[in-house]
Every structure is written in structure tokens, then in C-alpha cells.
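Here you get one chain, nothing else, as C-alpha cells; it is the form predicted alone.
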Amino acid sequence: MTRKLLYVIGFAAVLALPQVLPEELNWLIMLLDRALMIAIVAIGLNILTGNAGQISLGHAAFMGFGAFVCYGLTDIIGVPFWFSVPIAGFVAAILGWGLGFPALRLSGHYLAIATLGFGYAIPQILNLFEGWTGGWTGVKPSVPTLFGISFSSDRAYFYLILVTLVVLVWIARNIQRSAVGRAFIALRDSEVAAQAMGISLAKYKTMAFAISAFYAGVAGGLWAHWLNYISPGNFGFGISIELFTIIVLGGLGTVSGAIVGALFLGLLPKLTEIISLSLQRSGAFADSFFMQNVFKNSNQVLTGVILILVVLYLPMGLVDLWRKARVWWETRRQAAGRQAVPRGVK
């Protein structure tokens, strides 16, 4: 079976998923919606951090800015939703491009602190424009409609997010394969060597921030009208850390790593909750120290343990599991083939 055929079968299965799942599993569709939107932001962050080598710990600010821009365009001005989402991305990209200039003089942990301050500042600034953002009370974006189709349910919204994700994945892969992507990698590996090769630090650093912010702005626009409630406080440090965790967990510098990491981290809390409830109902280890103390915070404990294991044994991220599995399978098949050949036969 060829790789392209596997992709087609997998994509068909994803398309059919919302239709075949029973109503009792609506929570799974909701979690998938959130994970795929977070994956869009993570793809942009992976271009910035994994490819261009620029650390950002305030990336949720771009997402929040895009969310409020999309809300303002759609519900206040009356711009169609399908046009508001990309505009939100471009406005966030302008903000990211502006942040890229201070980054020219910063690197490493200094850049991380600067972006952290940016992430804290943007929600406070958004809170000042209460007529637009509603302040800390927040606002309620309308249910989006596209060509007369209302996306009022999580199942319908799933397809809107999926189409957006596919388009942005295609764009990200083309960026990585282009001269721009090669310039980003040169910056990541050595800024001095990149400059010696004629690569402009100012041009490509600001471009990396702009592209990354565009992805976050688009995801923020989708997020606002999916959740139907946004507040400046919703886009704080917690989401920024989640995004950074996702790209490290999934695999730095890879588009698939951002998606795998987002799905894994998005579904892990529910999985541990199901395991916890199952153990509690069965009465297993009910009186043990583990059940009474550790499993109360099982989501955080498991996430931390998995991150440590990934860093130790999968430095290339979860996506490297596929490569390791293929190497293991090929090695085993070749060993079996050698054993099948009689001695003395070449």
C-alpha cells in the first residue's frame, strides 16, 4: 500500500469521524475542535521556533488579538466571517512583524523574557478598549455562517477547522521547502554564518514572527466564534506554555509534530480522567497512597512524566516514533530474511 493511498484513507476516516460518532461522544468532537485550532497556532510557532530558532513565550497574545479583530470585523462592522478570519491573521501578522524588530537585538532566554512580557501586556491593553473587547467581562461572538451554512454545532465546526488546517499545512510545508525556509534554518543554526552567506537577519527574523503570528491570528478568529465567548484574560501565559509544550512534545521543526503534539496533549487529560474514573468505580487501589494522592492530579502528573520521557528518549519528538518503528521493522525483516537463507548459499 503506497503512502499516498494511506493518506487518502486516513483523510477519509477523519472526514467520516463526526458522522459516525454517537451523540454520547460529542465531548470527543469538542476536544478535537480545540486541539486542531491549537495545532494551527503550534504550526506557526514551530516555524518561528523549530525552523527559525526564535523563542516565543507570549504567543497566546497573537491568538487573542486575532480573536478580537475577527469579532470586531464580523459582529461590529459586519464583514462576512469567511473574510474576517484571514484579515485577523494579517492584522496579527503586522503585530508580529513589529515584535520582530526588538528581537533583532535579543536571543535565547533574553528573547524569551521579552516575548513573555509581550504576552502579559497585550491582554492588559485589550482590556482598555471595553467598547470593543468588553474588558474583563468579555464579549459573545456570533455563530459563524459561511455561504448560508450555519456552524452552530461542534460537528459542523469540525469541518471548517479541518479545511483551514489543511490549507495552512500546505502553506507551511511550501514555506519550509522554499528559499525562505532554508534561510530560517540557517538563522537557527548560526546567525553569524547566515549573515556571512548574505542572509538578512532583520528581514527573516521579522518575517518569521509575522508568519507565526498570522497562524495564531487565524486560529484566534476561529476560536472566538467556536467558543462564542472571549475575554482578554482567556489568552494568558497558560496557553503560551501549552503551545511551547506541544511543539517540543510533537517534534521541533516539523508540521506533523505540531499536529501530533496538539492532538496528544489535547486528548491526554480526558484519557487520564477516564482511567481514573474506571479505577475508582472498580475499587482498585482505593485505599492506596497512589489513588488518594497522586491520581487526584493524574493529568498533570502524566503530562510531566511523558514530557520527561520524550525529552530523554525521543529528542526529535513523538513524530520520531514512526521513523524508529520503521527502522525496527526493517531490521527485523532483514534479520528474518538472513535466517531463512540456508548456510553456504549466497
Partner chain sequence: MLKLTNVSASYGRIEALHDISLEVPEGKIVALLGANGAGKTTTLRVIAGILHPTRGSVTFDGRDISRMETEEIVPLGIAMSPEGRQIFTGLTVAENLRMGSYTRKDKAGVERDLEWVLSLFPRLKERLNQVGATLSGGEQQMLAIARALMARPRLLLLDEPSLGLAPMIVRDIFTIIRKVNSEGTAVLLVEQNANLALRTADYAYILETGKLAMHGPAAELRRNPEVKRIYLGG
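Positions refer to the first chain, counted from 1. Small disclaimer: the values here were computed from a predicted structure and weren't measured.
Below, we refer to the form predicted in complex with its partner chain, which is not included among the displayed structures.
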| item | value |
| --- | --- |
| Partner-facing stretch of 100 to 108, 226 to 234, 200 to 208, 72 to 80, counted where any non-hydrogen atom is within 4.5 angstroms of its partner chain in the predicted bound form | 200 to 208 |
| Complete contact of 186, 189 and 196 with its partner chain in the predicted bound form (any heavy atom, 4.5 Å) | yes |
| Contact residue in the predicted bound form, chosen from 173, 140, 270, 182 - any heavy atom within 4.5 Å of its partner chain | 182 |
